[in-house]
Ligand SMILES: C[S@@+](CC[C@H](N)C(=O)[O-])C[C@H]1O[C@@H](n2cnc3c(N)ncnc32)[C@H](O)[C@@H]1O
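Taking the form predicted alone, here's one chain by itself in structure tokens.
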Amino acid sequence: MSWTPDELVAFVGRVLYEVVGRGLTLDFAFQRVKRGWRRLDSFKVFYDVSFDAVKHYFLLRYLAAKLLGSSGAKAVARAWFIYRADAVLYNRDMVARYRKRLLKRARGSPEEALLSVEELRGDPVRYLSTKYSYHPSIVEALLSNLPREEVERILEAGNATWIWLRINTLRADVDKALKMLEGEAEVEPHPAIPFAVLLRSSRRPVQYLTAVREFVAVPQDLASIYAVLSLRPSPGDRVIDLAAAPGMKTSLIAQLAEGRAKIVAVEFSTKRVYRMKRLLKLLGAADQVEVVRADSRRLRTRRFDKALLDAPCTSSGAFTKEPATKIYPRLEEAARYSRLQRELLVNALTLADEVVYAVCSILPQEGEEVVAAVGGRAEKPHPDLAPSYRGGVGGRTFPHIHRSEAFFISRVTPS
């Protein structure tokens, strides 16, 4: 082992400080800390521990205060070692020795501190926030729209991490792709979506799987796949994908239309346009997609049969993928995003006969309220989706139902 427990705790404490103190994403915080660290053969363990500590931050902060008398970043990292190390680290003897050392200064037993969480039950927001490690504003938002029992199931399931792979039939058929994957990993096919598989286990990180390196399979969350399935792209369709970067959904549109749809992908950022063109080429979809740099709020062009609008949003539903979202959900930005989303959707309805509107958000301000505000007819676009918060204006994906991110998806047609 090329590192010590003290180094691991110090590193994770620094990452936590960057995420909590500066509001950075996990990956950005990790790379920032890594640059100033001594060189190690592999930082994978440090990343895995950092991910787990950020994911469980609110519970660990509570336990650190109870057990160690501090809720600072390094104390939280020590609490991680006491409570979570067995779930992530393989060297159980090292874990046991270091935990024993940490507990010499503890104010009580780890079991007593953990049981004390139940004393918070009288305050549902604080209790659920602490037990499942979510910012209180996420808990409040969910409790405002769903029964407490379902909210608790969402929060519990949201602490799992799922990696869905979309088999890219523009590069290989499903059978060939499955054989490639099964040589290096264990996958579970989706019961209703033949080109979607859940990665159960793998001999190597997902990005190094042969099928992924050859773009025969690509990581894509199931909620994102449902957004494109809701569009029902078919051969001969004229489809416009608005605010389209990075292009993953655009390539799935081309795949579902069997390479025989007229697809225009619109993106405002020059850098993102360049990256999208490169990704579409790697995925085998470049010849089927015209990429246009334009502002999707103001674009004027010929009319299309269908439009996909996966709008910019708070990303408050991304907590299964980005654990820092649980600490800084930025729900206060919902009003600004809501205005932008309405502008985008209003223009989309002038461009296409039907629009699939999607956001990775748990908030009705970015979902149900947006489609209600623009007029037109809004409906749940796919039978697998859970009901929306209000009426039948759309559907939602949730981690406890779909093993995915939390999305709102609606099909909107002009009035």
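Not measured: the values here are computed from a predicted model. So that there is no doubt, residue numbering starts at 1 and follows the sequence shown.
Keep in mind the form predicted in complex with the ligand is missing from the figure; the text below concerns it.
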property	result
Listed residue (216, 197, 280, 245) with a non-hydrogen atom within 4.5 angstroms of the ligand in the predicted complex	245
Option touching the ligand, based on a heavy atom within 4.5 Å in the predicted complex, out of 291, 103, 294, 125	294
Segment assignment from 91 to 99, 153 to 161, 325 to 333, 236 to 244: heavy atom within 4.5 Å of the ligand in the predicted complex	236 to 244
In the predicted complex, residue 249 touching the ligand (heavy atom, 4.5 Å)	yes
Residue 144 within 4.5 Å of the ligand in the predicted complex, heavy atoms	no
Any non-hydrogen atom of residue 83 within 4.5 angstroms of the ligand in the predicted complex	no
In the predicted complex, residue 312 touching the ligand (heavy atom, 4.5 Å)	yes
Residues of 344 to 378 having any heavy atom within 4.5 Å of the ligand in the predicted complex, listed in sequence order	344
